[in-house]
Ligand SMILES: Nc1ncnc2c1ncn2[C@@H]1O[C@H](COP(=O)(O)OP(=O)(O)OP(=O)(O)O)[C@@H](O)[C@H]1O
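Next up: a single chain in structure tokens, the form predicted on its own.
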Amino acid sequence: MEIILSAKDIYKTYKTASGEVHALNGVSADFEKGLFYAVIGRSGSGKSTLLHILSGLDRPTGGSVTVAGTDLSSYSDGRMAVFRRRHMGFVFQQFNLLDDYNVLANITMPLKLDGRKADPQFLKEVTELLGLADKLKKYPSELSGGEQQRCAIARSVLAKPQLIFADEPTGNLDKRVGEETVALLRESARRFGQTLIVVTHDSDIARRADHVIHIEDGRVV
């Protein structure tokens, strides 16, 4: 068992006009390399906050997050951005594709920003797996919602990250396309040895996971 990501006693408090909001209250969890984790809970339970902290998009008020033995709290914002680009992939409910760039440019953008080139064989393997091999010259406006989501998955996988985070990745898709999206995410992660962490309120998706983390009122239940 290899632990790739570990959260210890995570607290997150937001200050609002009406007082403090305790989004997370002492959450601890370990994530093994190569497994699929579903984080479930009602709206407002703290599951998206947890995802943002695990991925370094946000910082905890208390507690620690370590990735492959590295404590993320030691990183500056700039260093954290580089670490995310090299070690993490992201798939969100909004596909976040750039309209002025074709599919190939969109899915290789994180590599380009990091001064790297896509491995041609790996690019071929990923785009064939995701059914995008014949769509690389198309633009986002020419694609269906499901195809745009597959682009987002390809982009998250191509840089060969250790971790893939997905926040409600099927929220804008119909049920069939949503199920296909999760199956592709899982297959991509399994084939390329990546740990997949999906935030979802869909119990059907959660049932496919290797482990389920249930969040209520900012705590693991």
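Here the structure is a predicted model, which is why all the values come from computation and not from measurement. Note that residue numbering follows the sequence shown and begins at 1.
Only in words, not in the display: the form predicted together with the named molecule, which the text now covers.
Listed stretches are 64-72, 152-160, 177-185, 46-54; the contact stretch with the named molecule in the model of the complex is 46-54, by a heavy atom cutoff of 4.5 Å. This chain appears without its partner; in the model of the complex, the one residue of Ile205, Ala23, Ile197, Ile10 with a heavy atom within 4.5 Å of the named molecule is Ala23. A heavy atom within 4.5 Å of the named molecule in the model of the complex is found for one listed residue only; from Lys33, Arg190, Arg42, Arg59, this is Arg42.
In the model of the complex, no heavy atom of His211 sits within 4.5 Å of the named molecule. Contacts between stretch 103-141 and the named molecule, counted in the model of the complex as any heavy atom lying within 4.5 Å, involve no residue at all.
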